[in-house]
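Have a look below at one chain only, the form predicted on its own, in structure tokens format.
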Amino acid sequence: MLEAPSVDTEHQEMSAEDLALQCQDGCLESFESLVALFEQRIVNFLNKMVRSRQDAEDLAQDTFVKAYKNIHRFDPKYKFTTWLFTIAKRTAMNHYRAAKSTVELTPEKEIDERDPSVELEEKDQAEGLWEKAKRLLKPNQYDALWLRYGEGFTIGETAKVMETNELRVRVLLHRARNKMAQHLTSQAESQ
């Protein structure tokens, strides 16, 4: 995981967009402030996608390296968070592609020798609302739901990160909320 840089109070009070502009002018401290500001959110976002904290931390580091190398491409008329989360999502998608090709190349499966009761207990503990959503929803519905409610992005920002339009995001959110509501209702009735 990236080390938390020390951030001076001048940089703490600046907007992410202003920090990115200073970084474009060569200010390394501004980029360190951006890392400090967004690191945990990016790691959490990636962890929801890849379901591995260590992979999420590695991918977050890759995301920030890519952002630093491409900071000249950031357009300040847009929000920095949208730009950064788009890089993170693409980094995770590349990770999936690489992992999928690796799995296809290695046909043997690892044998899980853990105690089934321990495995069930861990599964029960991890079964939260977001876990249910991840399991029940299509990936793009889950992504839209997480970006909108987990990260607090607007519909427009969510659309930019997902590289789609606002109407599509609204449809994805509507379907995701309905599917979750149906599942929770049927679960409550069966108890």
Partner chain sequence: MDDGTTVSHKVQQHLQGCGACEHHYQLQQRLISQLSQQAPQDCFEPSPFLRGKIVAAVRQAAEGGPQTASAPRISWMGGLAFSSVAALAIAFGVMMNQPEPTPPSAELLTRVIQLSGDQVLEEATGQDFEAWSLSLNQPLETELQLVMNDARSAIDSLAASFIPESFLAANTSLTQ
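Nothing here was measured: the structure is a model prediction, and the numbers come from that model. Numbering follows the first chain given and starts at 1.
A second form of this protein, the form predicted together with its partner chain, is not displayed here; the remarks below concern that form.
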Should the three residues 22, 71 and 89 be counted as contacting its partner chain in the model of the complex, with contact defined as a heavy atom within 4.5 Å for each? no
Closest heavy atom of residue 187 to its partner chain in the model of the complex, within 4.5 Å or not? no
Partner proximity in the model of the complex: residue 178 to its partner chain, non-hydrogen atom cutoff 4.5 Å: yes
Although its partner chain is absent from this view, report whether residue 160 comes within 4.5 Å of it in the model of the complex, heavy atoms only. no
Close approach of residue 128 to its partner chain in the model of the complex, 4.5 Å, heavy atom: yes
Heavy atom contacts to its partner chain in the model of the complex at 4.5 Å, residues of 28-42 in sequence order: 28, 31, 32, 35, 36, 39, 40
